[in-house]
Ligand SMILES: Nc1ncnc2c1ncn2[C@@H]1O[C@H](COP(=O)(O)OP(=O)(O)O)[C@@H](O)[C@H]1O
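Below sits a lone chain in structure tokens, taken as the form predicted on its own.
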């Protein structure tokens, strides 16, 4: 009897990161495989009969047809447990510090280093007792991961039952069983280490309405175009407009409890700046190093393109894990355009039919899958938590009509449009106040009004003034400012005060790099007070030159940098002086008018 021997899986065709392999009839979609003698990590992305198309996350140089392919039987997953915070990973969660210690500055092909140190011992403190009934996501213990982060050890999402045993307080490795849970299927050991597929969202109990803002310390964002905790925002802008710098500022100063920064396809020097700068930064609220609540994922433009594609999913999965602990997490992706370019290159090698500008037809779906994994939620354990997502978009030539920007706008509710002219004028952040918008302003209004009841009125009036100034500038460009009455020239003057004294913010000034919500509203109220006083004086017949020449005007302009967040009383004193000077000026002109009569 003839017995047909099954062919051993091997590569038959290699095109950059895309490999076609035969003998793969037993493979599954998105199964992880190892290719060649070095065991290059890849993922099955297409199956046709006995042939499978594999997307390899490492450099395939010198790989030849006939290379063996080993199926692992598992999807691409990340390791979850204590030790994530403060670490630096590549796109497939290989720790870069561990690779450097093992092989030096260069990542060798096929290099394999555990994402988490399985030999390190962590002090586990039990929060459950023998006999307790526990469900998916419930906390059974905790570990102090960093001075800023208490890591909660949770029951895996697919486990529920009664606690048969749990260890006492002590030091354990990630692989040591810390509890045994009796389930309907039998006993299940729980360790501090979990694995989760990156392309599968982690489960939640329910989604919630967004109510709290993500405080970033950047005035134009917090006051004019706020992002809610659990919201999604985009920062589009051409080359040199400050997308990366703006995201750095948000990562440094936002009040999220965990920061996940994904350097996706950015230039190596920019990512190097992040890696060098973040360990030296101080958290403004705790005074501790910022890295004690930050995870960095570095996948620069010279790294394999396939790993760039998956780095987005790696970052959002880590964010969901900490969200499940009841924490607020902020994810910064820089940039989704480079990620979309990776999709385009991979789609071309897969010979898929291109859509607009060569991007794959699945681009909108992939963007939606990413942004919709954010949100304010109730976790499986019943806690309120959130994942906020901020994605940078790099449209060629600053053209916001290109596909990535347009499709992104469908899935986000906050749009911070960077302007090339503002950037060239050294106005940072170069977010244009008329081209940007936020649909979260109504959602977070209740939070702001809790401490600043007039926040919405101040914000609306300021934006209205800036819109009126834009229309007046069109007249000024045609006939000049001298033909305008003083009341309209006052609007032009106040708008300049807004631009220089409120909207522009220095990342290098100690008092200005982070502006508390209280100081933001105080400055906004101060500038609008100047406008109201000036408008009243002009109606009384006082010339504009006298209004703009008041001594306190220059102090209003300098208040953002001259006064710290703790000196709000000086802003109030400046407002009183402004009222006194305006009153004195009014009395002088009223007296002069009376003498003339």
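Residue numbers count along the first chain shown, from 1. For clarity, every value in this text was computed on a predicted model and none was experimentally measured.
What comes next is about the form predicted together with the ligand, which is not displayed.
For the options 98, 242, 75, 364, the residue carrying a heavy atom within 4.5 angstroms of the ligand in the predicted complex is 242.
For the options 506, 165, 406, 378, the one in contact with the ligand in the predicted complex, meaning a heavy atom within 4.5 Å, is 506. Contact between residue 292 and the ligand in the predicted complex is not found at the 4.5 Å heavy atom cutoff. In the predicted complex, the ligand lies farther than 4.5 Å from every heavy atom of residue 500.
When contacts are judged by a 4.5 Å heavy atom cut-off, residue 370 does not count as touching the ligand in the predicted complex. In the predicted complex, the ligand sits within 4.5 Å of a heavy atom belonging to residue 270. Checking 522 to 530, 223 to 231, 424 to 432, 147 to 155 against the ligand in the predicted complex, the stretch whose residues place heavy atoms within 4.5 Å of it is 424 to 432.
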